[in-house]
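Just one chain follows, in the form predicted on its own, and it is written as structure tokens.
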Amino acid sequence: MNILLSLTDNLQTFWGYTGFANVETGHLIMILVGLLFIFLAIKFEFEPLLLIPIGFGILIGNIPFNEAANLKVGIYEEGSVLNILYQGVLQGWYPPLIFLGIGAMTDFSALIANPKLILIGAACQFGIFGAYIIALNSGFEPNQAGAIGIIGGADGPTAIFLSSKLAPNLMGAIAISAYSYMALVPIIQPPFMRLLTTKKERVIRMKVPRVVSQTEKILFPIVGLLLTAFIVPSGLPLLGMLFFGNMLKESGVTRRLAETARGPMIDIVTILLGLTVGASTQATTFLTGQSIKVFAIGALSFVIATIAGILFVKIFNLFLSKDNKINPLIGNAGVSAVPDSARISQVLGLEYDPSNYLLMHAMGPNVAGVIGSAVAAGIMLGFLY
């Protein structure tokens, strides 16, 4: 009899530790979100290198467990493996390493050949400051509003870096929002690109960019770092690593380092960042009214950034000669979702003129957007930290 009672007690204890005994509705909702991310990545190839790690991380983070038992398995339990890996997000280690890899794989030739395209990247940063104003009016504190606003830069690592400094409690929602909308750029941007441009504007042919010399490519990361970092020293972790990675690529004598930065290193960091950001969406801490607001404002910020870039090109064209006009379809590329937003410019351009290739032109504002979002993050950090 005692053996039977003991066995019953053991089974009850075991049941108390299972996910079935601890599951809440929120866990099931987040698991469905994780499965949606994985589906979108596999079925439609929406940023699979990001959505699959994040989606699977959401599954991991929402396996229910007995938090009172202090098993040290949850991402928010100090000393757990997931918590240790998550420190790279909380302390801002991963984003600069991602920027190092981005710099090592980015060709800034289109921007160097046509410097005025950097203005489009700057115009798209209105998405950041527009979202900041909306967030302030939605009841968020200034530091939280700044962190939310950076979603409009369409740059996941920058969003993580800034939110880790200004609003750690909202970082999960901000990161998931930024990466989600980056993946959905092919859906979000085209309707506004069609709405805000005329048929005549969509078929504008731009001059073939001039050939950029190797000397210019080498000087660009040096000059770019000095100019941007002197203006916003607070953006140094991102800007410094971005331009350092580009120097490794363009110097011609550090090929091994460049290949490591843009290959194995960025892949490893992307896996760790995506998985831990996904796992941070643990339902008990993630599913709040604030998170829903963050997602709504994030969507608006992407729309504002896209509209600002397109309208800027249209206004800028009023001051350009007929031979130097810019096709407004590349206005969307000022958001730093590289290279998806530039690819959308190309796709829509070919839709209206099958022989008009806009990709090489769109990459100019696209890479300018990467720099612009890092500069905007530095400005926000300088004012609000």
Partner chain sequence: MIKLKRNILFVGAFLLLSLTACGGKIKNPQLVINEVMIVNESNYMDEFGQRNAWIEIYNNTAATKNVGGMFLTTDKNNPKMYAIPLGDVLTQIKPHQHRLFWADNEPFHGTFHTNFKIDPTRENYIALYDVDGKTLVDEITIPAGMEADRTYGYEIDGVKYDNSGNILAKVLDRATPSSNNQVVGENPKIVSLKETDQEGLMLTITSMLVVFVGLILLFLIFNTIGNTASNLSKKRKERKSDQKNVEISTDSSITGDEIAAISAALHELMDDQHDVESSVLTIQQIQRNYSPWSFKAQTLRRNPRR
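Note that the structure is predicted; figures quoted are calculated from it, not measured. Residue numbers count along the first chain shown, from 1.
Keep in mind that the form predicted together with the partner chain is missing from the display, and what follows is about it.
Just one of Tyr94, Tyr181, Tyr86, Phe312 comes within 4.5 Å of the partner chain in the predicted complex, counting any heavy atom, and that one is Phe312. Just one of Ile133, Ile268, Val81, Leu195 comes within 4.5 Å of the partner chain in the predicted complex, counting any heavy atom, and that one is Ile133. Partner contacts here mean any heavy atom within 4.5 Å of the partner chain in the predicted complex, and among 280-288, 181-189, 137-145, 71-79 they occur only in 137-145.
Highlighted residues Ile112, Ile118 and Leu219: every one comes within 4.5 Å of the partner chain in the predicted complex, counting any heavy atom. Contact check for Gly240: no non-hydrogen atom falls within 4.5 Å of the partner chain in the predicted complex. In the predicted complex, no heavy atom of Thr158 sits within 4.5 Å of the partner chain. Taking the partner from the other structure, the partner chain in the predicted complex has a heavy atom within 4.5 Å of a heavy atom of Val232. Remark: Ala167 does not count among the residues lining the partner chain in the predicted complex, judged by a heavy atom distance of 4.5 Å or less.
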